[in-house]
Ligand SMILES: Cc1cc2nc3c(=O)[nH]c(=O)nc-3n(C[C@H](O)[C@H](O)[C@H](O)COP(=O)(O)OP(=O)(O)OC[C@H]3O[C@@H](n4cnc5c(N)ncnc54)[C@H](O)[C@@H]3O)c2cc1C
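Here's a solo chain for you in structure tokens, the form predicted on its own.
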Amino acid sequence: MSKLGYYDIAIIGGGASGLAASIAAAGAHPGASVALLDRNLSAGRKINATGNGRCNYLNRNASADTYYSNSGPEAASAVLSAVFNAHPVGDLLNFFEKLGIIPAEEDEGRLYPRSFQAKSISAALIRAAEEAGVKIITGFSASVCNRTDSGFVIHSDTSQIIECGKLIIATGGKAGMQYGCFGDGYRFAKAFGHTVIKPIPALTQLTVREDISALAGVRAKARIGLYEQSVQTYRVPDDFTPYAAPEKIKMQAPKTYEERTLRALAEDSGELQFTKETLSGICTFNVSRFLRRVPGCEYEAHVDLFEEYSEEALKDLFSARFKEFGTLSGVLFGLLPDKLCSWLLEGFDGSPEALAAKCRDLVFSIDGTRSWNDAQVTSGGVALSEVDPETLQSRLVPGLAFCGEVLDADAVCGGYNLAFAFASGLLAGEKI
């Protein structure tokens, strides 16, 4: 085994939250030795891929109530409120401006570096960490973390060892495995006795059972709703007698019957995109984190292609257009993309009013989501009830803290998830 040294503070994970934590730790604890450990050959690898290389690094509207968690409302509110009270968006903007990052704002509060290059963000963070005296150790793939009498010992998969007095786990989640995100932090957390709420891919496509290959490449303005259908089977009592009927008609009572209940999980509006086998687009991504499979349940996506119309108004519109143009293809002409019109009308021989109803509620059977490689973020993680809101330190293990995506907090697209990574990283680093 090769010992690489002892550090007062070590951070596992060189992504957004880990880099922020290292800068904050070095600044808040002058004279302390700080090491940042990353399995990749360079820190910030996943940052460089965000926003298709443009990096939507913050959102002006990020606050505690714009995030989701599976840890229960009380714990989630406590942690998220503490994080954004300590580092609201204005504070994060000032932090990055001191690093040389000037923001450029787009719709819905999305903030990008003025260069529109993700590497501007990663380079600024790495430079700040190095200037603060942080030792960045790359190519260190942590495999085991153990508690000792004086702190922690971290083993790599190549038999290297680093010892530290305090430890911050900032490994991220499992989304983007191609960038070195394998969910190691969950394994470390469990080994320390923490509860990990099952991680699932979020901000990703929904896979569809129906054949939608003809729609590949189509984009349309729509509202998408994700629904959970539970099926409850009831057994009919053996002594049940059907409603009295003429004696000559023999009736057999069913032995079981099913009761189906449809429950709305989430909905969002925007540009819906179709691939050969998935529903995609930001509106789809935003509802995907609610697809937490429950045994005995099935899932559906309901798509409204004309949400700006009431049901009656759309029927009136289609009826009037049918009278004017004489065909159903004429009804849809100019309202939807041509490929989508053809798909909707294939095998359809109903009335204009029935077509309007179909366009208002297209139902797709959902198999699941795309893989971790396609997901932008993880839903689930270390239970927020097991960390101190004011410090993000473990309630179970002294000297241990968590930050970023490894925690059970996530949000919709638009810079919110990076905002939480940076804010929680700064808090964890300051308070460790």
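Keep in mind that this is a model prediction, so the values were computed, not measured. Residue positions are given as counts along the sequence shown, with the first one as 1.
What comes next is about the form predicted in complex with the named molecule, which does not appear here.
Visitor: Run the contact test on A49, G404 and N417 with a 4.5 Å heavy atom cut-off to the named molecule in the predicted bound form and return yes or no.
Guide: Spot residues vs the named molecule: full contact, yes.
Visitor: Select from the listed residues A375, L384, L400, V34 the one whose heavy atoms reach within 4.5 Å of the named molecule in the predicted bound form.
Guide: If I apply the 4.5 Å criterion carefully, the residue I get is A375.
Visitor: Please pick, from F274, F188, F84, F318, the one residue with any non-hydrogen atom lying within 4.5 angstroms of the named molecule in the predicted bound form.
Guide: The option sitting close enough to the partner is F188.
Visitor: Might V79 be said to contact the named molecule in the predicted bound form, defining contact as any heavy atom within 4.5 Å?
Guide: No, V79 sits far enough from the named molecule in the predicted bound form that none of its heavy atoms falls within 4.5 Å.
Visitor: Hey, in the predicted bound form, does Q160 get a heavy atom within 4.5 angstroms of the named molecule?
Guide: No.
Visitor: Does N40 make contact with the named molecule in the predicted bound form, using a 4.5 Å heavy atom cut-off?
Guide: Yes - in the predicted bound form, heavy atoms of N40 and the named molecule come within 4.5 Å of each other.
Visitor: So, A25 and the named molecule: in the predicted bound form, are they within 4.5 Å at any heavy atom pair?
Guide: A25: no contact with the named molecule in the predicted bound form.
Visitor: Looking at 92-100, 328-336, 136-144, 221-229, which lies within 4.5 angstroms of the named molecule in the predicted bound form, counting heavy atoms?
Guide: Partner-contacting stretch among the options: 136-144.
Visitor: Scan 1-35 and write down, in order along the chain, each residue with a heavy atom lying within 4.5 Å of the named molecule in the predicted bound form.
Guide: I12, G13, G14, G15, A16, S17, G18, in sequence order.
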